[in-house]
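Just the one chain here, laid out as C-alpha cells, in the form predicted alone.
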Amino acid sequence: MSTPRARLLIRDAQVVDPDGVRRANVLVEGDRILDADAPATAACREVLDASGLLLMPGVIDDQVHFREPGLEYKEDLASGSRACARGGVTTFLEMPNTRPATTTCGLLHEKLERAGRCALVNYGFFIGATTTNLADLRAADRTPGIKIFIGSSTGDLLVDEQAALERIFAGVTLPITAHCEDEATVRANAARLAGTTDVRDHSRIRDHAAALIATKRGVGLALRHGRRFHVLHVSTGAEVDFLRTVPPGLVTAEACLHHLWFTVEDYARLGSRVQMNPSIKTRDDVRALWAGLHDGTIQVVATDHAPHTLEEKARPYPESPSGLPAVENSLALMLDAAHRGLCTLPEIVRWMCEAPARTWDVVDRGRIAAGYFADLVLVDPGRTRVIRDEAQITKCGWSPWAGQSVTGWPVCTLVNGRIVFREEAGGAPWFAAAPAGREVTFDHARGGWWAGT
C-alpha cells in the first residue's frame, strides 16, 4: 500500500487550543489538517519532530500597513509577508491607506493580484470609506470589511462628518471597522499646544477624550443602524469601561501590542519610536487593557504594524510620523507575557488566532482542527533572545522593543501545509523561495463573532 501523497506528521507536539494545551500528533495532507489527534504511526511522507515545542494555529493579524502601492521604501507586500512568516503570522489583513488609497473595487482587486504574486503568507485587504464612494462600498467583495478613519487621516479617507457616517452605516452590509479619534478634539488640542517640539505632547494632543468620544460615536452608529462594528486599537481604560456597557451582538474590539507595553513614561527613553495614533497612554490604561482582554471586553490582539524609516522617525516632532513595526515580534512578545504570568497560552490563541477569524468570518483558518487549512507555527517556549534592530526582517529595519529580552520564539511556520520559515542552526532564518500565501475567503453570511464558528 503506497504512502498517501504530501502527508506531513507533526509528531509529539504540545498543541495549544483556545481551551487548553494537549500533547498530540497532527497530520497534514496537502494544504489541510487531516487529523488533529493522529496516531504516532500514521502513514506519511515526512515527519516533523515537535517534542519540546508548542504547536499553535498561525496568527491572524487583522491590522497591518504594508505600504504597497506608493510607499514601498518603508515596506512592501513581499517584505511584510516575510516578516509575518518569521513571527508566526500566517494571515494578514491590510489597511487601505496606501497611495492610491484602496477606495474602489478595482484598486482592491489590484492589491489582491499584487499579493498573489509575492506573499509568503495569506492575505486580505480592507476597502476604505470616503464621503463619496458608497457605491463601491456596497459592491465590494473579496474583503474582510470597510475601514473608516474617524480622525487621524488626510484627504479622502478622513470621514468625520456625521451625515457621511450615517450614510455609510445605513447603506452597506459589510462589517465596518474604524480608527476612533475625534478629529475636532485632536485639532483643538493641537491648536492649544501649537509650536511644541516635545514628542510627549503627542499624548496630550491625541488624548483620552479624543479616543473615547470617537469610540462612543462609532458604537452609537453601529447600534443605531444594526451594523457589525470593530473598534481598532483601544488605548484607554475609559474605552474599556464604556465597551463593557455595550450590549453583546454587534461590537467587537482589539488591543495592540504597543498599547499593552508602552506608556507615556517611555517617551523619555524611546522618543518618536513610540509615537503612534492613537497615542500611548498611562500605566493605568495598560492595566485596564489587559483586564479588558481577560474578561472578554476586548477580543482581539493585533499589531497595527505601520513602518517608517528611522530617518523619518528622527525628524523633530511633530514632523516625525506616527507608526511602528511589530508584526515579526508580536507572537514572541505575547509568549513572553505568558512566561511572565500576564496571560496564558490558550488566551494567546483565542486573542490572536480564533477571535480574528471569528470577527472577520475567515473561512477555515485560526484553529487546529480537521478540515482547517494547515496554517501552523511551532514555538520553542524556552528560547530566550534579545530583540535587535539589525536582526529585523521588516524593510524599515528597527523595532521599538530593541534591547528587550524575550522568552518564547517561533521556530517554524507553515502556510497552507508548506514550511515557509524555519530557524536553522545558529538562529539563521530560512524562508521559502516561492510565495505560499493565498487570498483569504470570508463568509460574511454566517454572522460574525456572536454567531459562533
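Predicted, not measured: the structure shown is a model, and the values here were computed from it. All residue numbers are counted from 1 along the displayed sequence.
Quick note: we don't show the form predicted in complex with a small molecule, though the next part is all about it.
In plain terms, the part of the chain that comes close to the small molecule in the model of the complex, with a heavy atom within 4.5 Å, is 301 to 309 out of 301 to 309, 157 to 165, 264 to 272, 116 to 124. With a 4.5 Å cutoff on heavy atoms, Ser153 counts as touching the small molecule in the model of the complex. The small molecule in the model of the complex is not approached by Thr102, whose heavy atoms all lie more than 4.5 angstroms from it. Interface residue remark: Gly323 is counted as part of the site for the small molecule in the model of the complex, having a heavy atom within 4.5 Å. Using a 4.5 Å cutoff between non-hydrogen atoms, Ala332 does not count as a contact of the small molecule in the model of the complex.
Proximity to the small molecule in the model of the complex holds for none of Thr91, Arg365 and Thr413, with the criterion being a heavy atom within 4.5 Å. The contact with the small molecule in the model of the complex, taken as any heavy atom within 4.5 Å, belongs to Asn97 out of Thr143, Asn97, Thr236, Thr359. In summary, among the residues Val186, Leu257, Met352, Met276, the only one with a non-hydrogen atom within 4.5 Å of the small molecule in the model of the complex is Met276.
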